[in-house]
Ligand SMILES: Cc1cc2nc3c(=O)[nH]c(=O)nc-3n(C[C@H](O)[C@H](O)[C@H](O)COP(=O)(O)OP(=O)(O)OC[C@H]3O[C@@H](n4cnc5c(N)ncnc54)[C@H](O)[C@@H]3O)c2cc1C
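As structure tokens, one chain now follows by itself in the form predicted on its own.
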Amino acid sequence: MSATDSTTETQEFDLIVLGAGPIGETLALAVAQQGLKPVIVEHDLVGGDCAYYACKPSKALLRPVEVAATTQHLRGVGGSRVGADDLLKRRDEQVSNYDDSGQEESLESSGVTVVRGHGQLNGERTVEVHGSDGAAQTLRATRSVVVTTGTTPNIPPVFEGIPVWDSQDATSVQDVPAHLVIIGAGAVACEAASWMNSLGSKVTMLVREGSLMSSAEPFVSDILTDQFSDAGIDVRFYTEATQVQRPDGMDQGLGKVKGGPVSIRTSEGETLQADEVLLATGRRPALESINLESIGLSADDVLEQRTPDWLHALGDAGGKHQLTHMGKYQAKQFAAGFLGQQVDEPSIEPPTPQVVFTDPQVASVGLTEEAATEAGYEVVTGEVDFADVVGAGLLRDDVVGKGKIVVDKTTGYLLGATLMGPETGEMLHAATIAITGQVPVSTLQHAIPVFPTASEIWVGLLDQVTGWSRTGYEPVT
């Protein structure tokens, strides 16, 4: 059906945003605050995956798991265990029971128009929106259309057409499978393994390569593998699914076991019988369904920024960073330029901080030693076990973890940091500031952490890279 005979009169806005996740919301709100007219088009929940299926629910599930684990490793407390019903109830509360009416009302009251339905490009600065009731309407942007449609899961060919879980099902879990097989080894796989194990699933991880979170410093995989083994999680390296069968499979809704048992033949020649499979095999920008062809573009054109000056993609959809906080930063920078405000450009590309909320937490920012060396830097590094830090030992009786920093030997600037230990997610921002501000480690040496806190790990890390000793001080350069 063509736009002419299926749509109502065209509505005009200064800015059209496809996707009402945190990136789209941040942008639209900034524009509305300056008196302009933005509209957000959303076919699912206003607030996006981060609010309902990713960041918030995963942390809501993991925090009680982390606290319970701490009490079991802290004499004087007595230990506690996770209550599955209460844990899932907490998750539901944190995602507003999957009701987005509050977020929609907040946007509307701030001057942002929300249009429900699936939005597709239909010519220059034009978006056609198809509602669930079959009705359609046409929107036109006087200035820009911004795509913030997030990502969609990568499905390995062996799983095509077989109903199994993706990350949304894992965070929305309602039926706890007796045996869960996780395909993948990244942040989603490792976090889901943690909470599903605590909910009572027997968890088996099939890892194609030889490490968990392969882009991290190597010690991360070593420590996490040991911790998973102690928790009863079965991690199988260099193992892939080569054949999958599920005769009685059917989609019964998010977080529900999708039918009968799954039979998985592995590259090791073994056949696993599982109650459910979670595909944590990465995600790609969700660009296929927005009709780029109507303006003569492909997804590659968008990802390589070969677009007309009125079309932009931010956040996950732009393919640069699949992290909410980085997307929101992009949205603020874009909004400033869109509004004609002065844009303060950083002197370096902002480093990407990330926290994986396993036990122990893995907090990292900037470059690993391997990545820095491959980029051409000559580096010095420092490593310290959290067990050697008095303040960390007061958080848990048997502290497991390690910190590592990577420093440019020529300039003395911090290039990267990885902190794996108790509550390191709350310690990471110091490293992010140091990298962004290009503060020499010779200066950081004089930033004195409080005793007795886990942040004292910085003393040992900086001592190693600055040459500070009882016999004198020698800069890294």
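This one's a predicted model, so the numbers in the text were calculated from it and none came from an experiment. In case it trips you up, residue 1 is the first one in the sequence shown, and so on.
The protein also exists as the form predicted together with this ligand; that form is not presented, and the subsequent description refers to it.
Highlighted residues P163, G184 and E240: none comes within 4.5 Å of this ligand in the model of the complex, counting any heavy atom. This chain is displayed alone, yet in the model of the complex one of V407, I290, L107, I264 has a heavy atom within 4.5 Å of this ligand; that residue is I290. Shown without its partner, this chain lists R125, H118, K258, H179 as candidates; in the model of the complex, only H118 has a non-hydrogen atom within 4.5 angstroms of this ligand. Contact between L323 and this ligand in the model of the complex is found at the 4.5 Å heavy atom cutoff. Although the partner is absent here, L18 lies within 4.5 Å of this ligand in the model of the complex, judged by heavy atoms. Interface membership of C55, defined by any non-hydrogen atom within 4.5 Å of this ligand in the model of the complex, is confirmed. Using a 4.5 angstroms threshold between heavy atoms, D316 counts as touching this ligand in the model of the complex.
Partner contact region in the model of the complex: 46-54, out of 46-54, 440-448, 29-37, 427-435, criterion any non-hydrogen atom within 4.5 Å of this ligand.
Taking this ligand as it sits in the model of the complex, the stretch 125-150 comes within 4.5 angstroms of it through a non-hydrogen atom at T148, T149, G150.
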